[in-house]
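Given next, in structure tokens, is a single chain: the form predicted alone.
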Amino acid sequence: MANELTRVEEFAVITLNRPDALNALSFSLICDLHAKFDEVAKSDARALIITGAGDKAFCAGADIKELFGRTLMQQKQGGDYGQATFAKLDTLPMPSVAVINGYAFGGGMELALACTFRLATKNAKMGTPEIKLGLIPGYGGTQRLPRVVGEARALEMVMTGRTVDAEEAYRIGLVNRIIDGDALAGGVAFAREFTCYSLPVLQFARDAVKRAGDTPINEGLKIETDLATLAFQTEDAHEGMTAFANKRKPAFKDK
């Protein structure tokens, strides 16, 4: 069974499509995501929205049945491949939005963490419960979670495996917003708040902010200057400043 890649106006939408298993990430679904991320990267979509089929789960995590009988090398290779797949979201030319519509545990939480933004429906439940199986997160959770919620909260979530609901997730910064009503429509409405701007400049902004957590501030400031200079050289920057001076709405062309 493959994930669904569809188009809603200017947005690419990937729907994790295994509702009978709460959209659990089988190895075949991860391989399919790997290919679909490449397909989205080549498209003219202005954002990628990821959600889960049905209204019970975004993604309940790994398919535990597939973990039995694996050798250490198979497990290592599987972890490397999963990390490489989720890392593709960092290099997409457009931002990504995870719409967490229900459960997001383990690998599902890690997929959401790899997205640029996270939204949650009111019934969303999130966590990294791997510790309860004698495991730890392996698709980037130990690295991305502290960058989002801080080391203390990340340690608590990873080491207790406890679940957080939508309200707590919003309070600690794990999700950007709680959405009401149709999940996909909420994701589209949120994405429209930034996709009206220049995609290249949005990427510069995304890269600059993400580098803040990886570099000392003196190096980060140099990176910011370089990226701000690149943004200044775009045609969209000239258009934006001209539109501001003439008191009109800019018409960005992603150039």
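Start at 1 with the first residue shown and count on from there. All figures in this text were calculated on a predicted structure; none of them were measured in a lab.
The form predicted in complex with a small molecule is left out here; the points below concern that form.
Within 4.5 Å of the small molecule in the predicted complex, a heavy atom is found for not a single one of N3, G52 and A114.
With the partner left out here, the small molecule still marks one of 87-95, 114-122, 164-172, 130-138 in the predicted complex; by a 4.5 Å heavy atom cut-off that stretch is 130-138. This chain appears without its partner; in the predicted complex, the one residue of D226, E39, D63, D207 with a heavy atom within 4.5 Å of the small molecule is D63. When contacts are judged by a 4.5 Å heavy atom cut-off, E9 does not count as touching the small molecule in the predicted complex.
With a 4.5 Å cutoff on heavy atoms, Q75 counts as touching the small molecule in the predicted complex. When contacts are judged by a 4.5 Å heavy atom cut-off, R192 does not count as touching the small molecule in the predicted complex. Contact check for A231: no non-hydrogen atom falls within 4.5 Å of the small molecule in the predicted complex.
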